[in-house]
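Quick heads-up: it's one chain on its own, the form predicted on its own, in structure tokens.
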Amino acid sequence: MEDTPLYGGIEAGGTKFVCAIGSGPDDIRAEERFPTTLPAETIPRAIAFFHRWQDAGGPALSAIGIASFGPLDADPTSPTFGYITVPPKPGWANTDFAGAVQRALGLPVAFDTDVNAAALAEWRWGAGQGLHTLVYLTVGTGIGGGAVVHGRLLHGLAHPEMGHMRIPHDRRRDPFPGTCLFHGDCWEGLAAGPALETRWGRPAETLPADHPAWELEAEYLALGLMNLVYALAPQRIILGGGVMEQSHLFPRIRQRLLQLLNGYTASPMLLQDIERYIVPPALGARAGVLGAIALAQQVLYAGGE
């Protein structure tokens, strides 16, 4: 244990930051949580957490990983790599997040979305162990998704924005216009936590299990998952986030997804073992900060690239 390389992780959420030092789920040496306010206050508070560890004589850290809300620039070749770009959260636009941490701590810094990091953590330590491909989705204040393909996070023009897919919207059944500031009734606009609260007039967690909200929610989530099944063909889909704490959603989503697929899939496993295909995260609420640590490990093994 003494010779185990240690890493710093920052999970930067829209409402709270989680900072940790360790090497994996069974080795977290220090941890701190605090509210997300403005960058000028929140980022220095995260940096101070690691400075206290250094000042107390703790073992040296090898790298820092940041798992952040977005949109953000995760392209290491970009001049704005490490920036949060145009987020809906006020005050954070064009924030040089990774750069501030790297300059203050003098360590390699990995930077990616919170959902990409959670996907990586679940692949390495959680519900995706042993798989080639998986998708991790969080359904909470928004809908976000990350994908692991052969051990690498999926990136292209930018990071995936799965929550902004279009899905069928039957306005006779659901006249709700959606809550997305950019697209109205995209997947996030119809099925994230704020959409549930706005549509039904109360927080989702206060709605009973037999409320009609949940059949509609399962419908929308299954529609989006069908797109991901056909587009990416993941070996497993992991559903996390606050809305998915309503565990009764899982059997509803599985059943509706099978109905929507209507037998059209190349994988008998999906049709025959749907309970193992759509699953909750094994790491629970720790997936984000553990994902940040996993990002730090990857950047070190890649030589800081």
Ligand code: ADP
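We number the residues from 1 along the sequence you see. Everything numeric in this text was worked out from a predicted model, so none of it was measured.
Below: the form predicted in complex with ligand ADP, not depicted.
- Heavy atoms within 4.5 Å of ligand ADP in the model of the complex are found in one stretch of 204 to 212, 67 to 75, 93 to 101, 219 to 227, which is 204 to 212.
- Taking the partner from elsewhere, P194 is found to have a heavy atom lying within 4.5 Å of ligand ADP in the model of the complex.
- The closest non-hydrogen atom of S62 lies beyond 4.5 Å of ligand ADP in the model of the complex.
- Within this chain, P108 is remote from the site of ligand ADP in the model of the complex, having no heavy atom within 4.5 Å.
- Taking the partner from the other structure, ligand ADP in the model of the complex has a heavy atom within 4.5 Å of a heavy atom of T141.
- With the partner omitted here, the residue from E41, E245, E31, D27 that has a non-hydrogen atom within 4.5 angstroms of ligand ADP in the model of the complex is E245.
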